[in-house]
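Consider the single chain below, provided in structure tokens and representing the form predicted on its own.
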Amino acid sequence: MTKYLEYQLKEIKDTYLSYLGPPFNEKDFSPPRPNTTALSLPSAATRLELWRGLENRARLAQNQRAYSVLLAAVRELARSTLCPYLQTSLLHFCTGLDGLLGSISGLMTTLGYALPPPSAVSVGGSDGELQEPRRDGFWILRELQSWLWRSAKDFNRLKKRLRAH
């Protein structure tokens, strides 16, 4: 499922960056990551050896939390997008993310792990809106891309470990 979502996200990201226009659609452009708590996206930028050192339960719980936050962020991005085609694509993508969250929850339950408690998900300011929508949208999609890549690796590693037992 993560591979399909990665493919779908690439299409959406290309369309979204074109929608934003310059400088966001320029190949090497990378705005500074927001420092504020207004955009509290979980970063997938953990050192690989630290991430691999986590137990399966901890990695799955972090995936669950990250996708919960990212799902809310993509929904807000869709809500704030004026292009109907892009909005529809983002909302369709949300359905896939919701399915991924369900799969992670199901896997955690099957393995006997307690599901992490639901947390209050906030992606915008006090009113729930993105503070700098163009920059925030760029970072939402970039973090999502990183999490999907990492999750695909995690799920393959987990599958191999479970087959060995």
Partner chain sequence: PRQGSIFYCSVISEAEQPAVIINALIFRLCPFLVGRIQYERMGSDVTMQCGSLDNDASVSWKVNGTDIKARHRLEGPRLLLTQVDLGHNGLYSCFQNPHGERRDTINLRIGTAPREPTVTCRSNTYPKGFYCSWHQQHSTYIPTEFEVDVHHNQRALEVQRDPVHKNRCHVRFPEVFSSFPYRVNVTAINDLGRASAAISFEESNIVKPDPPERVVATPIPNNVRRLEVTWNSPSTWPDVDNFPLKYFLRYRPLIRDQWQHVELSDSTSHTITDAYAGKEYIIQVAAKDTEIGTWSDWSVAVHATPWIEEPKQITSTTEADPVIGGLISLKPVPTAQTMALTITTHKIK
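Positions refer to the first chain, counted from 1. All figures in this text were calculated on a predicted structure; none of them were measured in a lab.
The next section is about a form of this same protein that is not shown, the form predicted together with the partner chain.
Looking at 96-104, 65-73, 110-118, 49-57, the stretch with residues near the partner chain in the predicted complex, meaning non-hydrogen atoms within 4.5 angstroms, turns out to be 49-57. In the predicted complex, T15 stays away from the partner chain, with no heavy atom inside 4.5 Å. Contact annotation for R157: at least one heavy atom lies within 4.5 Å of the partner chain in the predicted complex.
In the predicted complex, the partner chain stays beyond 4.5 Å of every heavy atom belonging to F24. Contact annotation: W149 falls within 4.5 Å of the partner chain in the predicted complex, judged by heavy atom distances.
Heavy atoms closer than or equal to 4.5 Å to the partner chain in the predicted complex belong, across 1-31, to the residues K3, D28, S30, ordered by sequence position.
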